[in-house]
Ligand SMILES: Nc1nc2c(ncn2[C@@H]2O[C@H](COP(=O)(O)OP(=O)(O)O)[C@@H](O)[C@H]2O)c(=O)[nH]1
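Next comes just one chain, in structure tokens: the form predicted alone.
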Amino acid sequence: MADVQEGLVVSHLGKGIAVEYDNQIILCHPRRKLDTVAVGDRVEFSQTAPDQGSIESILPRQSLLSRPSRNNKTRPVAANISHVYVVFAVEPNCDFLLIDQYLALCENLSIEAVLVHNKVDIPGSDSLQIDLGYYQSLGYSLHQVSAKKGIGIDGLKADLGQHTSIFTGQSGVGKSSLTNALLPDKDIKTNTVSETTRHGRHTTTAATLYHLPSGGDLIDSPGVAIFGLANTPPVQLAWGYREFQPLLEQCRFHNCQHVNDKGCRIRAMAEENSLFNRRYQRYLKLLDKLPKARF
């Protein structure tokens, strides 16, 4: 067997996987028994030709984001992410339930979540400030930006320069516009990968990892707006709410589900604080989506 090298998975091209090694791209295919390889994975591969290889193993992951797939299963989207940037705007209507879902998932995966309010130049954006202030009080960082007007982009670049990150958010909030503002030569880079692997007819079918000019890596995953909570136990969903965490041990019963349970400290807090209550009501909606299970 050829010598094994370590590389970084930067995209999927057709049925092949583009692995970056020593400033070049190697088109690889995984061994049959290997788990699904995700963009961002560090892998061991053996070269079978100057620009082709075979992935032998996936190195241990620091994190993994997955999306819902067929038959109630999940499919990996991106690996070794340290930060998820949750993008939203006043248009389309801001989906705070989806934002809470992202934040809860990140909290449980020990991935840092950062809020990105895009399209701040659009009238009506001020209407979000009360809720955004509440998120900030919980310790979440917030970027107020406009990809169209270039507002706040320099600050976002500086933040992204420290991490391996991914943008997520509902369709239409401007994730692609932000990516294009950060990567003006994005199409050139994508085409270069295809040409290098001699698969120019293929386009990326999932995520693609880009090295940002200002530092850091950004995984662009077009069309993937939702990372599922399907494998999240109810007790972990509650832990995903930062303001719930110090209250969990104050509930009367250790298996409190924070719905109609007697002596529930979280529900009592919701009755006392309107902003807390908004998040609590969204928690109940997310809880209802989970497979029915006891704590």
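Start at 1 with the first residue shown and count on from there. Worth saying up front: this structure is predicted, and the values here are computed from it rather than measured.
Omitted here: the form predicted in complex with this ligand. The next part is about that form.
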Quick one: I122, K148 and G172 and this ligand in the predicted bound form, is every residue within 4.5 Å by at least one heavy atom? yes
Out of 111-119, 131-139, 97-105, 210-218, where are the residues with a heavy atom within 4.5 Å of this ligand in the predicted bound form? 111-119
S176: touches this ligand in the predicted bound form, heavy atom cutoff 4.5 angstroms: yes
